[in-house]
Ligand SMILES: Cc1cc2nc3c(=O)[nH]c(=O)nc-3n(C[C@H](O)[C@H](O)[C@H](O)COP(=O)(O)OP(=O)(O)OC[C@H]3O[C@@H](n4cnc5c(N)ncnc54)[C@H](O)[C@@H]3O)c2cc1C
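Okay, here we've got a single chain as structure tokens, the form predicted alone, with questions on binding and movement later.
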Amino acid sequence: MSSVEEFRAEIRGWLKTHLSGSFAALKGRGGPGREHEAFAERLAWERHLAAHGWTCVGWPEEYGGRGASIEEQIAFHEEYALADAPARVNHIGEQLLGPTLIDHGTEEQKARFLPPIRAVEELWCQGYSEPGAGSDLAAVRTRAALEDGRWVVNGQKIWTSLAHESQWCFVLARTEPGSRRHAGLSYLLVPLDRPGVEIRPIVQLTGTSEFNEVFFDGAVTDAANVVGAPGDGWRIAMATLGYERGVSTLGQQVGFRRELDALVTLARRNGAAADPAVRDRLTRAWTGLEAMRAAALHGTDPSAAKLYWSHWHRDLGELALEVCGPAATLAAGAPYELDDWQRLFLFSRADTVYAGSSEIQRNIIAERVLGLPKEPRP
């Protein structure tokens, strides 16, 4: 048996043993449009993972990880999804900030922030998008200035996932007055439990509130809490986005496959599969998912990967309502109770917008991959 097969068997056996008892009820809980479900219980589950060494498996051993290879990380995410384990609450800290600090942080930053992430003692959110600076991230206007050994932050962030459950936020802010676009930005680590920070949840189409507005009004963080050099924030922010679209997306694809399999089962049961057009779309969805997996395993361009999976998943949401038929237009109960297919449709409308809109991904592919001329900018 290869080391990857042994690793896969180990995590599969551990999940079978531990996703039981009080944790058994968490199977399938959480996820897009359902992020409010059993949050405290899922946090306890993730701390249980940490206590047994199953968080941050891809981190180097010197930082508390398992030093798992890419193949082993893929096996972990796939087995986690196949076990129907609950949605993770520490994804942003473990998969985004942690790797950023490992590659670009100081030794002091690693010592301070990595252990609480690995132990799931501190949760993180991402302070990138702003009103007027979402897809065009280089237009951020949140500003920060060094005063008496501290960064003082003023501005607003929006669409900040799970900010209301987080203790810290990594913030892209303009720290050089008069700078424009990619220049003069810094990547700051800002606590959310201090004066000068206000968090307002945003009610989504699903009726839940994963996203938030975050207002900084004289919020402060230590001068040492800048990752990379001041003014080098764009490079660090782009590194974080690269980690966001890494191997953990293969676990996401296992979730996609479960959704597709369940939809095929429903189509056969309710007769929708008798429609040749529906069968054709289900077949295209299956082949599209196979192509997505192959591309991920061979290291496709991150922008191309984001563009592909977001449109695939949005289309699956539309197909789900077609399979469900007219009943899909009615709420399951009052005042606004949705079933899984309705949540899939509503939440997947955002897939082509968050984490880099499709328009921006196409521009990146055109300019940086294909070498086409850049669009004129004012």
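None of the values given here were measured: they were computed from a predicted structure. When you see a residue number, it is the position in the sequence shown, counting from 1.
Only in words, not in the display: the form predicted together with the named molecule, which the text now covers.
Visitor: Taking any heavy atom pair closer than or equal to 4.5 Å as contact, tell me whether T142 reaches the named molecule in the predicted bound form.
Guide: Because no heavy atom of T142 falls inside 4.5 Å of the named molecule in the predicted bound form, the answer is no.
Visitor: Can you check whether A9 is within 4.5 Å of the named molecule in the predicted bound form, heavy atom basis?
Guide: Contact with the named molecule, no.
Visitor: Would you classify F113 as touching the named molecule in the predicted bound form, given a 4.5 Å non-hydrogen atom cut-off?
Guide: Result no; F113 lies far from the named molecule in the predicted bound form.
Visitor: In the predicted bound form, is there a heavy atom of the named molecule that lies within 4.5 Å of any heavy atom of I158, even though the partner is absent here?
Guide: I158: contacts the named molecule in the predicted bound form.
Visitor: Among 345 to 353, 36 to 44, 316 to 324, 64 to 72, which stretch has residues with heavy atoms no more than 4.5 Å from the named molecule in the predicted bound form?
Guide: Comparing against the named molecule in the predicted bound form, the contact stretch is 345 to 353.
Visitor: Quick one: Q126, S129 and E375 and the named molecule in the predicted bound form, is every residue within 4.5 Å by at least one heavy atom?
Guide: Yes, the whole trio is in contact, each within 4.5 Å by some heavy atom.
Visitor: Go through F256, F211, Y308, Y80 and name the one with a heavy atom inside 4.5 Å of the named molecule in the predicted bound form.
Guide: That would be F211.
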